[in-house]
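Just one chain follows, in the form predicted alone, and it is written as structure tokens.
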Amino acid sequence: MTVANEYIPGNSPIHSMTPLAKIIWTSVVMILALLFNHPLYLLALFFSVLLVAKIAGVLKVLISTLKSLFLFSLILILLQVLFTKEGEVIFYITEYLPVTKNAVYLGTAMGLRMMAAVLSFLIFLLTTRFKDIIQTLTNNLKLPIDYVFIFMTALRFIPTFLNEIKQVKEAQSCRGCSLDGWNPLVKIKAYAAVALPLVLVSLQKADKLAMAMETRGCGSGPRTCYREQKMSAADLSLVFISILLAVFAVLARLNGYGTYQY
């Protein structure tokens, strides 16, 4: 099963673009999500991100993530209904629990903002090789290699860590360790049998990774790249359109567009 942050090979136009262009696009999506608070504007942004996922051919992989994000968005709307009492009342859940228009709009805006930002970042990870991301962050953006390597290693080992959790749980279940039930205290105690092997396995992997880096001379001198990344016409077009959208969005926000007065 493919995890939502694991690179998926493909020949789509999104795959062929350089990581720098996709980083700028992802950043602009997050800027737009933070600038606007009107649900209609954020809904348009969300569907544009879904369109990019469709073009990249990764929309099916993101379905499970979309379900989780949608559920979390419903929780946000529920919290706003519980704590936001200002505005026009749409209907009453109970006599003392009104559902106001402001609560629904605010919760919907927060949910759409979260989904657009998260999905854009996941599309970037699904369509970009990790080694290309590291090269872009260190060579183009001039970030320290140590911090970039730590961040990318953490992302890279998420699928491995999830598979190991599954294997340890199955192994402990075969040995008679019950991990089911509704009592949280019992489950915490039972999962101690899973946590300890995971910690030991993680330490072994960290030790092997450190040895592999030392044998390859990591940090011993200047880094060179076998293949330099060059911006194509499509990359430059995406960067230009993304920056133009960001400037246009800032001007629109300053003139009062894309906002909802709660």
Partner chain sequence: MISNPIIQVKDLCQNLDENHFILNKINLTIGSGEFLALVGQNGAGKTTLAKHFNGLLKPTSGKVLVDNLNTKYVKVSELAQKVGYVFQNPDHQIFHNSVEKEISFGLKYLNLPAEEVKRRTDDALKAVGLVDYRYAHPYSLSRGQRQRVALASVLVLKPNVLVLDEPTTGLDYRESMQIMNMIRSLNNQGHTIIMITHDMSLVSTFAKRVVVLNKGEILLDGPVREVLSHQEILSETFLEIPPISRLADKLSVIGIPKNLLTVEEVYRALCDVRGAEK
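Numbering follows the first chain given and starts at 1. Remember, it's a predicted structure, so these values are computed and weren't measured experimentally.
Absent from the display: the form predicted together with the partner chain. The rest refers to it.
Trainee: Could you confirm whether N139 comes within 4.5 Å of the partner chain in the model of the complex, counting heavy atoms only?
Mentor: Contact check for N139: no, nothing within 4.5 Å of the partner chain in the model of the complex.
Trainee: So, L59 and the partner chain: in the model of the complex, are they within 4.5 Å at any heavy atom pair?
Mentor: Close contact is absent here: in the model of the complex, L59 is far from the partner chain, nothing within 4.5 Å, heavy atoms only.
Trainee: Is L35 part of the interface with the partner chain in the model of the complex - any heavy atom within 4.5 Å?
Mentor: Flag for L35 set to no.
Trainee: Quick one: does V201 come within 4.5 Å of the partner chain in the model of the complex, counting heavy atoms only?
Mentor: Close contact exists here: in the model of the complex, V201 approaches the partner chain to within 4.5 Å, heavy atoms only.
Trainee: So which of 51-59, 231-239, 66-74, 189-197 is the stretch with heavy atoms within 4.5 Å of the partner chain in the model of the complex?
Mentor: In the other structure, the partner sits against 189-197.
Trainee: Looking at V89, L143, I158, C177 here, can you tell me which has any non-hydrogen atom within 4.5 angstroms of the partner chain in the model of the complex?
Mentor: Looking at the other structure, the residue within range turns out to be C177.
Trainee: Can you work out which of T100, Q172, T128, T108 has a heavy atom no more than 4.5 Å from the partner chain in the model of the complex?
Mentor: Going through each option in turn, the one that passes is Q172.
Trainee: Looking at the partner chain in the model of the complex, which residues in 96-123 have at least one heavy atom within 4.5 Å of it?
Mentor: Contacts from 96-123: none.
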